[in-house]
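Listed next as structure tokens: two forms of one protein chain, kept apart as structure 1 and structure 2.
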Structure 1
Amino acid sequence: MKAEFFELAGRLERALQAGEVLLLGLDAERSDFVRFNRGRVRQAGSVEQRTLEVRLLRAGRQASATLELGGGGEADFALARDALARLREALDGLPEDPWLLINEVPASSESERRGVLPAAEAVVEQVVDAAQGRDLVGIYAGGTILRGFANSLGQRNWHSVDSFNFDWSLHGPGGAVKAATAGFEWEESALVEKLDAASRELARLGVAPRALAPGEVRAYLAPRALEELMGLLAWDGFSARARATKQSPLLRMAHGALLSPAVTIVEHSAEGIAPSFQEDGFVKPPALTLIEGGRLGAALVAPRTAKEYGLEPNGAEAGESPESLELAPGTLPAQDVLAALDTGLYISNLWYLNYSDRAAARITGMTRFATFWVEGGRIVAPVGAMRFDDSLYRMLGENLEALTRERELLLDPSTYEGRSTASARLPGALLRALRFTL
């Protein structure tokens, strides 16, 4: 696909007229998706998609078209050449785009990560065998993700990764346990090990649940629970444009509000699995500190935002959301979490977070999957889904008691339109109090 994409770029470049600049972006994947319910197959299939964005620039104007490529060769070239012709016409009569900014210094790169993935049919055999007698629900998504960029200024970028993400949960009469097996090399033994661990945890949900009245409770958020919180913050929390237009949920940090000094958040592109380049050809820095010691740090600056507000672009995509987020570790050993929690809620997962008051960073959401009541450092009972409603400045500020020393790398299982390349490396967080309302 790489040679095909770059050949297509070369042919289209040769079709350009004087003063025109061409940018091409490829977003493709070959994926197998197998959906499971009750330890059996619900839907299985394969998807091959190859989306090409063609952008034409001339005299400070630009227009773009997105196409679905077909079988390659002449047919794809004809499709892209026709799009180019239509874009040429579209540029006529457009005003200059004052916020147009592309990378004009070629920064080519190649990144190919080959994985060890068995045929998806073999994965099905292994999962159905291993799940026998268990109520497993979830999805296996595996295959190759491809990203490409080319421009007529001589830049060529390629990113290819073979990966899988088996995102699943085990269900029993008392509740459910969430787990995942994700990475670049599928190992049946790792699946069996995780299934057994999840089964043991599921057994703990079999006892009578504890009902808690609304109010403040000491709580531990496991890395997957914290991932939901970070996911909400990623929605404009680190965006330079949101900051400039006063719509960031971290607005009050610009007016003096602070998080705990233990909170340092970094967009660590060098350690993620997302491409190192973006749609305007800019390359991401290896790391960018977004929150440093509880204080507002750098923002993610997309090229258009940079031009509009007189900032330096730093490789952010147009949406200015982090893709390789890291929260710095703390000092609490993971094995001591229950003892440090002493009495309170152990929360494995959060769910469906949103803002009660965005400007005040007040957040609501639900607990989901395995949540336990802990007394004297021992799990005593599961707790059903509860709603919290609390301020970020309390959760990761005055009420943050500790972060764990160990962190988990969590690969985003999201597959809207295509398989995500986002990831997060997070510790767990021990909170002195979390406010529950329902």
Structure 2
Amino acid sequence: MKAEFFELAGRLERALQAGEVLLLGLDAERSDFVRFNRGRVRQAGSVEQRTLEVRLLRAGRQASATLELGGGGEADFALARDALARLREALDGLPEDPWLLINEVPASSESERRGVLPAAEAVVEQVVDAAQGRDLVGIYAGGTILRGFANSLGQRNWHSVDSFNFDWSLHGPGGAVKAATAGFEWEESALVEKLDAASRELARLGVAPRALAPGEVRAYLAPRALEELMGLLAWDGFSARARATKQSPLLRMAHGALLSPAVTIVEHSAEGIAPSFQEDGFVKPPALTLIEGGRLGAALVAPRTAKEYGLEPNGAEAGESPESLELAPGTLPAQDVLAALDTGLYISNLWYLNYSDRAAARITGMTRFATFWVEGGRIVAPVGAMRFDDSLYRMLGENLEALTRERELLLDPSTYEGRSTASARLPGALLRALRFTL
């Protein structure tokens, strides 16, 4: 596919007229999808798709078209050539784009990360065998994600990565336990281990639930719960535009507010699923420190933001959200979490998060799935859904007691239009107190 894409780019470049600049972006994948219900296959299929974005620039103007490729060779070239002709006509009636900025210094790259993924049939057999006697619901998505970029200035970029994400939950009379198995190498033993752990949690949900009054409670946030916090924080928290327009939820950090010294957050592009380049041709650094030791670090700067506010772009996409976020590990062994928590809430998942006071980085949300009351380092009862409302400066600041030594790789399970390339590698977080309102 790489050779075909670059050949197509070369042929289109030769069709350009004086003063025109061409940018091409390829989003493609070869993926297997399997849906499970009650531990059995409900739906299975494979997808191979190729989406091409064609952008034509001339005299500060730009126009673009998105094409679905499929014929290959001459058929794809004819489709793209016709789109190029239509874009050329459209440019005549468009105004100049004042914030248009592309990379004009070619920075070519190639990255291919091969994984160890069995055939979908083997995955199905292993999941069905491991799930026997359990009400398992989930979706497996695995295969190769491909991204390409080319422009008429001579730049060529290619990204190919094999990965999988099995997002699933176990259900029983007392509720449900949610988990996932994801990465670059499928391991049946890892699936069995997680299924067994989820089964033990599911059994604990059958005990009479404990009702808690609103107030501050000692709490442990498992990596999947912490992922929800990080996901909300990524919404403008690290955006250069949000900082410039004073809309960042971390604005107080720009004026001296601090998080815990244990908090270091990095956009680690070299270790993620996402490509190291973006649609305007700018290349991301291998790692960009967004928060270091509790202090505000670099911002994600997209090209249009850079042009408008006089900054240097650093490969961020237009939304200026991290795609390969990592929170540095702590020193607490995961096996000692319950003992360290002693008495308090063990929270597996959060959901419905939003800002209750954006300027103060105050967040509200609900507990979800397996949440347990712990006494003396032992789980004694499940706890129903509760609403928390607390400041990030408390949760990841003064009330952060420890982060776990082990971290979990969590891939975004979204498949709308295509498999997402967003990921997070996160520890669990032990909090001295978390404020609940309901």
Partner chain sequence: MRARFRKLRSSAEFWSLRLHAERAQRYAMRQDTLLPPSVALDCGVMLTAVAGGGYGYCATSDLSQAGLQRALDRASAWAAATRAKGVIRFDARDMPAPRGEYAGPLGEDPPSRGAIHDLLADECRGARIDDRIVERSAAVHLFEDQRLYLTNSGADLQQRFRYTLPWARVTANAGPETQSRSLEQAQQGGFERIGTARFQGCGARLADEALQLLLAPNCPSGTMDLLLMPDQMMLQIHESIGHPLELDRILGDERNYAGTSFVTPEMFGSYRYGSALLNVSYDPTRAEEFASYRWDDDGTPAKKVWLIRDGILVAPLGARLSQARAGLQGTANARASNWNRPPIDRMANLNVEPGASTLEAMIASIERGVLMRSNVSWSIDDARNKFQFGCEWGERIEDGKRVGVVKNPNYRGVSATFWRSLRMVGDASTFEVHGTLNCGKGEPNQAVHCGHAAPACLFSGVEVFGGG
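Basically, rigid core = biggest C-alpha set you can superpose within 1.5 Å across the two forms. Model, not experiment: these values are computed from the prediction. Here, a residue number simply tells you its place in the sequence of structure 1, counted from 1.
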Seminar exercise, completed: For the form predicted in complex with the partner chain, pick structure 1
Problem set entry | Residue shift check between structures 1 and 2, rigid core fit, Leu191 Cα at least 2 Å | yes
Exercise. Using the core for the fit, does the CA position of Gly115 change by 2 Å or more between structures 1 and 2?
Worked result: yes
Problem set entry | Per-residue Cα shift, Pro95, between structures 1 and 2 [Å; core superposed] | 2.4
